[in-house]
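One chain comes next, on its own, written out as C-alpha cells in the form predicted alone.
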C-alpha cells in the first residue's frame, strides 16, 4: 500500500468548488443582509422595483446560501478528503476525473439558471425546492454524477476500511436523491395543457395535505442531509487532522451515524404541527424530533472529547476555535429544534421569528463555521502556500461569533414576544393586540438582526480576502503540513 506522502492527489475539482464557495457565499450573504435590513427598514424594498422586494430576494438568498455556498463547500471538502482517506488520487482514474469536472460544469449551469430564474420570479413556491422542472432534471444529472464519482473512487481505493466521514457523504448522496425525487414530482403545465402558459411552469403531483407532508418530509431533511449529515462528516475529518488528535470514540461515531439516519427522516412533520395533517403524524414528528437530541449530541460530544487534554490549542489556533464553536452551536441548535417541536412550545413558536433564529444559529454558527474551517485547513495543502493571515482569521472569528449571538438572541426575544402577544386575551376573551402592534414592538430586534447580518458579512469578506491572498500572494510551502495549518 502506498503512503499518503507517496501519492500526488489531484485537487483540480476541489479548487473549482472552493472558488464557487467563496463567490456564492459573498452573493448569498449579501442578499441576506439586505433582506434582514428590509425587515427593519421597509423603504429598502423599493430600491430595485419588483426585483428588490423581500418576497423576490428571500428565495434567492436561501437557495444561493444552501445550494451555492454550502453545497460548494461540501463538495470542495469532499473532493479533497475523499482521496486522502481512500488513499487514491483522482489522477489515477480518467473516469473519476471526467465525472468530477462534468459535475462542476453542470452544477455551474444549474446555479446560474437558479439565480436567474428566481430573480425573475420563476418559482414552484415550495420551500427549498423553488427551482422549476428544467432545472430539477439537471439537479438529478449533477447529483447522480457526484454519486458515480464517489463510488468510482471507493471502488479503486487502497484503504479497505471506509472512514466515518465517507459514510456521512454516502448518506448525503442517498438521502437527498430519494427525498428530492419524491418531492419534486411535478407536471409541466405547458405540455399537459396543449401549449397553454409558460413552458417553465409546473404543478405538483400532490395536492393539499399530501403536498404539505411530502414537502416538509423534503424540507426538513434538506436541513438533515445538507446542513447536518455532510457537515458532521466534515468535522470528523478536519478536527482530528487540524488538531493532531485521534477521534475520541469511533464506536460513538457509528452509533450517532445510525441514530441520525433512522431518526431524522421522521422529524419533518414538526413543521406542520397544529395544521390539517393527521394528529398521529404530528405526534410522531414531535417524538422523533426529541429523540434526535441523542445522535446529534453524540457527534458533538465526541468532537469536544477529541480535544481532551489539548484545549490549549484553542488559544493558539483560530481554525480550532471555528471547529469547536461549530460543535457548540450544533449542540445548541439540535437542542433548540426539538424543544420547538414539542406541541405546547410550538403553539407559541410557530410562525414567529424564533424559527429563523433557530435556523440561523445552525446555518451561520454550525454550517458556515465548518465550511470556513474546512477551507482554511485545505488551503495550504491544495495551493501549497501558508494561510495569508492568522490575525485575519482571529478577527473574522470574533466578529462572526458576535454576529451569530446577536442574530439568534434578538430573534429568540422577538419570536417569543410575538407568540405571547398573538395569544394574549383580555378578561372577555378578546385579543389584546392587533397584528401591527406586534410589528411595531419588534422593530429594535429587527434592527439588531440587520446589524448582525452586516457583521457576519464583514467577516465573510475577510474570509474571502484571506483565501484569495493565500492563493495568490502568501509564502510558498516546500512540504505539506501534517497537522496544524501554517499561517502568517
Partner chain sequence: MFHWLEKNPFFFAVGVFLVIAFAGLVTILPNFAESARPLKGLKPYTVLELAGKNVYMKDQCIACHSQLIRPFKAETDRYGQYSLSGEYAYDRPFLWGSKRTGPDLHRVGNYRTTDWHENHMWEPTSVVPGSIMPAYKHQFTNIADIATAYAEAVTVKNVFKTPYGNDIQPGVKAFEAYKPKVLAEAKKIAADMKNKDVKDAVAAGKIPEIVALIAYLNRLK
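Keep in mind that what you see is a predicted model, and the values were worked out from it rather than measured. Residue numbers count along the first chain shown, from 1.
Unshown form predicted in complex with the partner chain; subsequent notes refer to it.
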property	result
Listed residue that, although the partner chain is not shown, lies within 4.5 Å of it in the predicted bound form (heavy atoms), from 141, 395, 154, 91	154
The single option of 180, 257, 102, 383 touching the partner chain in the predicted bound form, heavy atom within 4.5 Å	257
Location of the partner chain contact in the predicted bound form, chosen stretch of 70-78, 133-141, 94-102, 277-285 [non-hydrogen atom, 4.5 Å]	277-285
Exercise: residue 56 in contact with the partner chain in the predicted bound form, heavy atom 4.5 Å	yes
Touches the partner chain in the predicted bound form: residue 197 (any heavy atom, 4.5 Å)	yes
Proximity of residue 390 to the partner chain in the predicted bound form, heavy atoms at 4.5 Å	no
Contact flag, residue 457 vs the partner chain in the predicted bound form, heavy atom cut 4.5 Å	no
The partner chain in the predicted bound form - contacting residues of 418-449, heavy atom within 4.5 Å	418, 421, 422, 423, 429, 431, 433, 434, 435, 436, 439, 440, 446
